[in-house]
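Read the single chain below, which is given as structure tokens and is the form predicted alone.
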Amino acid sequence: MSTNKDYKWIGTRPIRPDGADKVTGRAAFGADKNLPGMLHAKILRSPFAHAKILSIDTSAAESASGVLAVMTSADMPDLASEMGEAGESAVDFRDLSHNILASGKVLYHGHAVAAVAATSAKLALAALKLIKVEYEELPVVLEIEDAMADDAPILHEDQFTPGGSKDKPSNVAAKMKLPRGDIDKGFAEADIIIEREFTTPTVHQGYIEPHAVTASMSASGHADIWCCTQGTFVVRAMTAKVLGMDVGKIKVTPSEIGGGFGAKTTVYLEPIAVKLSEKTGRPVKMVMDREEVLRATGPTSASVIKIKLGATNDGKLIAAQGSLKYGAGAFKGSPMAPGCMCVFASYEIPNFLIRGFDVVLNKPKVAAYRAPGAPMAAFAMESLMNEMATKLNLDPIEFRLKNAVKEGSVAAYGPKFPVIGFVETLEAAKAHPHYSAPLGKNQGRGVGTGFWFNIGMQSSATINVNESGSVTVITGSADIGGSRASMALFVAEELDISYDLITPLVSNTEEAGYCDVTGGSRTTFATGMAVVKASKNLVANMRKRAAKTWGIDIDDVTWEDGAAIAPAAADKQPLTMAQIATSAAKTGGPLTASASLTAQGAGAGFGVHICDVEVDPETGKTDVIRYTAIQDAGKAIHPSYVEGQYQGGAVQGIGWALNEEYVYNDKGVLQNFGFLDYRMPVANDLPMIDTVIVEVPNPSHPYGVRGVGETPIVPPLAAVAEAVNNAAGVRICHLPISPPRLLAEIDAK
């Protein structure tokens, strides 16, 4: 499906600008930065999931061979609780500081307690063993509903449930309520009511590159940070806050990033490296190993979601009720709110009540993971949609079409939808050959839909023209999905020049204008909008220069084929960008243009996935044998990378559905802390994933862009579960659908 608008460059598939360096190994990632005189730092982590810190004795470590500095939370300011914007969501800076280095208590196994900087990593590790920490072990709470019980061990004595007791601390950090209509009347009018509870485990984003940073503090108090991050300006802001520094004294330079998926929108090592550099007067490098990544950085939440759904016999949804409980880990801030926003957002439901709960547990503080909160909500809702369709004897996609939101529908979380492509995406799925293909023995098919609202936020861009007529476009948005190529395509289209003449750069916080994180599916939408605006400003400037050269009015100058043209003056030969740039000194100086904005109108994204599986009833093993991801992109700027987002999200969702989970013992110690035991899908586990790009342009963007990075992970959990349901004849409500769990379900049936 297409927008039917012709472009020279938008929608083409050129080689990405950073491709050659990445495939030849020249690209520099987080751990590749080395500086003269550099020290190596390592972190001492808690052996307990919950304990008071009674004392820390670092004296032996401080005098150890090669050690230049030791650091604990006492070296950081004691911050008051203060919420602030950071990345895609708000953060309590006190919690952030206490997660970086524990203060008073450790709250999960692997919680950072102290750090050592030494002349080698080996000496730093040896010194960690010399630090003596006295703990008082406390009871552990790992499950959401256990943590919500009246007699649960309390993680934070100063945390109280909003609207609850002011005297009794609670592990419920926040609540949310979204009502509409009359829920009791709605269920009274329903002909069929289904109610089920669904659970999902703690899972990790699975990025291949571990967290890494190198920091250097100058004698003048200015800090340089090189790190792998989704947001340099967020790293700057968070580091400044927890260290009590001025943001103007911190410069953050991004490396290439080996995956993030939302998890690299916060800080763990950066403030520690800066402080150790300040203490030693030398650069400090820190690199996590895989065990540290899995034990002590943010996975996404476990969830317990209960949905009650009512429909009439003619297939219209009339009432829905949802209780969504998300585990936040050691500190408040699960993706409960976006989960509540998304759970019923795809459907017209006149009566509903949504309640959400943010619950702290003795696990690592969670971080964002592609459409945070939405996959769990969709697993529950879409599973019930499939079950309801079966009870109504309706085709699952037809049932969704009867209830799908469209332009003018009021979203469950408040706003009215503008032009959206959910209906078109459902229709594309129904028409796809996959949907009607025959199935064999022990095989089943499932469908699931997904929604993500997408975000705008702040972005900036600068474009400079070289004397040759080539162009450099500079932004501060980390490239984690091919955004350099998208920015270059926008410039090529706007300036009407070849893509090969454009060099897109991702720069540091001192050289690029402010850009919010690369997350929330915002970069091609928002930073792209800034690039388009800067391009238009540049064209206007070049038309002005040409008009000055010719001595005519700017309104008599147009821009075509990368050149200024005076249509009404036949004697005026077109002026190319190179010619205008060469004479720029005589017409006003260097050719440059910038734009900064807060992007409005991020278009909602909808996707539909079709999954076929084959189940071995004797072993419980499930194989995905065919998979199709269909999604509205608004306009695919670089279709190859849009397809890659669809496929990547599907793969992560399939892993979440079938295998992935954090496994803890009863003391809160993670048992599967490596990729051998934390089982993510690899290439030979999956078929080729087919994709269909639907294009219903977002009217708020000059090229119709909708973010595409997050919606693809939302449908797979339900699509896979329904395929297994149909193959094995069981009803799956708890993930992952591992062989032992599926065998137990089959045996129970």
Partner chain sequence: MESVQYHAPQSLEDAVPLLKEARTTPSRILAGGTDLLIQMRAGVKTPEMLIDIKKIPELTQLEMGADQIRLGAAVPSAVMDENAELHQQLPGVVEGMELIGSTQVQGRATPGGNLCNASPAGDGAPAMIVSSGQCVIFGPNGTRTIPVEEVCTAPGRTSLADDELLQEFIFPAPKPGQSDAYLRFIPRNEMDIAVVGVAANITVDASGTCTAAKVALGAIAPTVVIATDIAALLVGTKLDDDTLAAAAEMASGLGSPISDKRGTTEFRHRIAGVLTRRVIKIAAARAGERLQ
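Positions refer to the first chain, counted from 1. This one's a predicted model, so the numbers in the text were calculated from it and none came from an experiment.
Keep in mind that the form predicted in complex with the partner chain is missing from the display, and what follows is about it.
Looking at the partner chain in the predicted bound form, residues 122, 616 and 740 each place a heavy atom within 4.5 Å of it. Partner proximity in the predicted bound form, defined as non-hydrogen atoms within 4.5 angstroms of the partner chain, places exactly one of 692-700, 46-54, 712-720, 678-686 at the interface: 678-686.
Taking 544, 621, 249, 196 one by one, only a single residue has any non-hydrogen atom within 4.5 Å of the partner chain in the predicted bound form, and it is 621. Here is the short version: of 393, 671, 81, 313, the single residue with a heavy atom within 4.5 Å of the partner chain in the predicted bound form is 671. Among residues of the shown chain, residue 6 is not one whose heavy atoms approach the partner chain to within 4.5 Å in the predicted bound form. The closest heavy atom approach of residue 464 to the partner chain in the predicted bound form falls outside 4.5 Å. Using a 4.5 angstroms threshold between heavy atoms, residue 659 counts as touching the partner chain in the predicted bound form.
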